[in-house]
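One chain is shown next in structure tokens, namely the form predicted on its own.
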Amino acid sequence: MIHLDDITKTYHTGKVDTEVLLGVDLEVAAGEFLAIMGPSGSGKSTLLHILGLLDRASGGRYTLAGQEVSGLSDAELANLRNTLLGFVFQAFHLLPFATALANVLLPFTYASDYPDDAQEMARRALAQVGLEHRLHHRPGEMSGGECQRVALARALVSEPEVILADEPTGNLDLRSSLEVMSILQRLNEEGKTIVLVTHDAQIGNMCRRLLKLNYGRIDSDEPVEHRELAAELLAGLPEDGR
């Protein structure tokens, strides 16, 4: 699904060049659940943004679903992004005065082709994250965990092949974090490819594979041997456990 060959990234600010990625090689097969970890400034989010076609690498080759992307135009990248990828961010990025249903419909609003069954697709995506009862609630009427699940439903609505999540539990309490991770684990069991950036070792241990970056290079890339199941941890929390 994803193949990176010697990916580099340098940011140019005035006369200062900042090298963020220093030659990253990576393969992610369809159906994998990869966590990317590392200290602040290690290049985690930069790598995820390149994977998500939100930023271009300075050098190297990136092949996504069999297509080499470095030579594509911005319009071609946008089309590929809208077709193959779904995004979840730490800050939710929901429209505050729009309902959950309207927020989930946003990818279709910006796409060139608005499906006839878009409303049904959005309702189905909200049901996938357990929010079929919150269709007409606005972000201010929901908890942080529910807002993140709306954001996850928005990522799912166009039925992407890959979910990219940048610190999706970073703003959440323990219960809400486990609820989000339980959904992601279930989606992965159903065949979704997921790449997640996190600073939380427990969240990393809920994925299937753990890659550690340090100063723009891969330090380690290993399977998770003792994987934690979010649903089991969630079931063990007391009723008021946060």
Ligand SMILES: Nc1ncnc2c1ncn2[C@@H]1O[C@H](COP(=O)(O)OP(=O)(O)O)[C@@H](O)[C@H]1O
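Counting begins at 1, following the sequence as shown. Source: prediction; values computed, not measured.
One more form of this protein exists, namely the form predicted together with the named molecule; it is left out here, but the text below deals with it.
The partner is absent here; in the predicted complex, the one residue of G31, G60, G41, G52 having a heavy atom within 4.5 Å of the named molecule is G41. For the candidate set N188, S45, S182, S176, a heavy atom within 4.5 Å of the named molecule in the predicted complex is found for exactly one residue, namely S45. Not displayed here, the named molecule is approached by V20 to within 4.5 Å at the level of heavy atoms in the predicted complex.
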